[in-house]
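One chain follows as structure tokens, the form predicted alone.
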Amino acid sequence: MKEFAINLKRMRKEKQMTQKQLAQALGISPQAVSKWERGECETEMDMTARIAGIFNVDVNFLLGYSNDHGTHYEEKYRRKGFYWGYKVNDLAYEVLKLMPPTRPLRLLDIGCGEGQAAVFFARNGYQVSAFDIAETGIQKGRKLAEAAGVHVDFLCADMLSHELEGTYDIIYSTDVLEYVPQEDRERVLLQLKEHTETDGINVLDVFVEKPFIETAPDWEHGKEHYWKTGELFSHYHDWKIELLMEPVFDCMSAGIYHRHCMDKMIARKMG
């Protein structure tokens, strides 16, 4: 209840809402909002869901159940400018080749960070939804979309607990799946597959472990988890594989030279 009270008060102020305005939106008294923010009483689950909807965050995030790896990125995204820069992953350009928006296409960006790829897709004509566990990243994404004159439906949520709604033509997730422990991978990927339209694609990459590559200096031990070569592909054995790559590349994150190896995949759901 303490986490809910803290999150509610903070998000209300960030949205520049008074307790009275929030109460009016919910059809309750301002006194009830005041009691929630002081931690004096709890909300019913349906009311919690309504509050989460007003602030466009996941219920679990509002209740303080999100994984603590989000804190790591909250600190990075608070810095001036964009932590990851403006360049998007090369897989974004493959999406344009394979599924150009010649008709309305719904795209979901999971683990969108500061929103660079989400805004890139929106500028190119896709109907984009995006979520990330770091609220500061979501805030930057909204500002980036506003500056670009496009709309992205941003949400603050944890991919390990967030339940997807509806279906998408494209599900895109890069530099994120290392936060999925092995025991959760089948469940998480099955949800992506189930929420993909027939003839739609999943665009994913994972860091893979190689004996000739040292662990990156900024690797979050216990929070980030390597995959095995081919492990990602095996979850899509029943889909058409449009692209498979396993590049080894240089990286300067944390300001220290190191290398990574990734499995990159685009898979299509056949009818």
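Numbering starts at 1 and follows the sequence shown. This is a predicted model, so every value here is computed, not measured.
The form predicted in complex with a small molecule exists for this protein as well; it is not shown, and the discussion that follows is about that form.
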{"item": "Non-hydrogen atom within 4.5 Å of the small molecule in the predicted bound form for each of G113, D158 and T174", "value": "yes"}
{"item": "Listed residue that, although the small molecule is not shown, lies within 4.5 Å of it in the predicted bound form (heavy atoms), from A122, A134, I170, L192", "value": "A134"}
{"item": "Proximity of F82 to the small molecule in the predicted bound form, heavy atoms at 4.5 Å", "value": "no"}
{"item": "Non-hydrogen atom contact F154 with the small molecule in the predicted bound form at 4.5 angstroms", "value": "no"}
{"item": "Distance check, Y126 to the small molecule in the predicted bound form, heavy atom within 4.5 Å", "value": "no"}
{"item": "Among 158-166, 142-150, 192-200, 90-98, the region lying within 4.5 Å of the small molecule in the predicted bound form by heavy atom distance", "value": "158-166"}
